[in-house]
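The chain below stands alone, shown as structure tokens; this is the form predicted alone.
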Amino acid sequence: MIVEERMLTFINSLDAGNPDYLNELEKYALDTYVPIIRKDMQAYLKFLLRSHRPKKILEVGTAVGFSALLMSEYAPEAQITTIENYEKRIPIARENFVKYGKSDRIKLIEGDAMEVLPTLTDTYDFIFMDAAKGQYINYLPEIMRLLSVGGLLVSDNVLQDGDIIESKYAVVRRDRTIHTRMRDYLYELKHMEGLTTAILPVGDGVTVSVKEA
């Protein structure tokens, strides 16, 4: 927990909520232990979408399609491309896009993002990173190529429930590679020429980066 739990509960209690179909899908995801964006991250993402009004969105990490559907709801003019590698979740996401009438606006590409990203030729004014955390740093060169000038890169789950501030020797051995790579990713975002980044304690930590001319 990054933000004190009572404060977070109070903030979330003020939220106006989502359409019923998103609430239904969120419940399914939580009941089946599928990780989806947290309530406070949902609110922040909705704010960014409404203020930025993107036309072309790229998402890395579809899961069952919750965040893609949320983005389609709050960025109604956008076409969304989303990438997913976990074969068990791909048919569920496709079914959800059809079920909720969004398959004409959401294109799901199957495969490893490291292989898919180099094949993309469009540019996107909004990119949402919510996939394998240890791969963010490896995705970054292609992400920067695909992000349009003035576009936003939003990366979720970057603070690892607060463990990011610990020495790598203080985290369990199996998480040390992810810990190191995420620290490298945050450093790159903050120091890369042509990119301005804010790191915020929303959800499990989020970065918002804008690509400059």
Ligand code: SAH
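In this text, residue numbers run from 1 along the sequence as written. Just so it is clear, the structure is predicted and the values come from calculations on it, not from any experiment.
Just so you know, the form predicted together with ligand SAH exists too; it's not on screen, but the next bit is about it.
Ligand SAH in the predicted complex is approached by A113, whose closest heavy atom lies within 4.5 angstroms of it. In the predicted complex, ligand SAH sits beyond 4.5 Å of every heavy atom of Q79. Taking the partner from elsewhere, A75 is found to have every heavy atom lying beyond 4.5 Å of ligand SAH in the predicted complex. Ligand SAH in the predicted complex comes within 4.5 Å of no heavy atom belonging to L153.
The contact residue chosen from M182, L49, I57, I37 relative to ligand SAH in the predicted complex is I37, the criterion being a non-hydrogen atom within 4.5 angstroms. Residue in contact with ligand SAH in the predicted complex (any heavy atom within 4.5 Å), chosen from I127, A93, A131, I106: A131. Of the stretches 144-152, 183-191, 49-57, 63-71, only 63-71 has residues with a heavy atom within 4.5 Å of ligand SAH in the predicted complex. With contact defined as any non-hydrogen atom lying within 4.5 angstroms of ligand SAH in the predicted complex, the contacting residues in 76-100 are I83, E84, N85, Y86, R89, given in sequence order.
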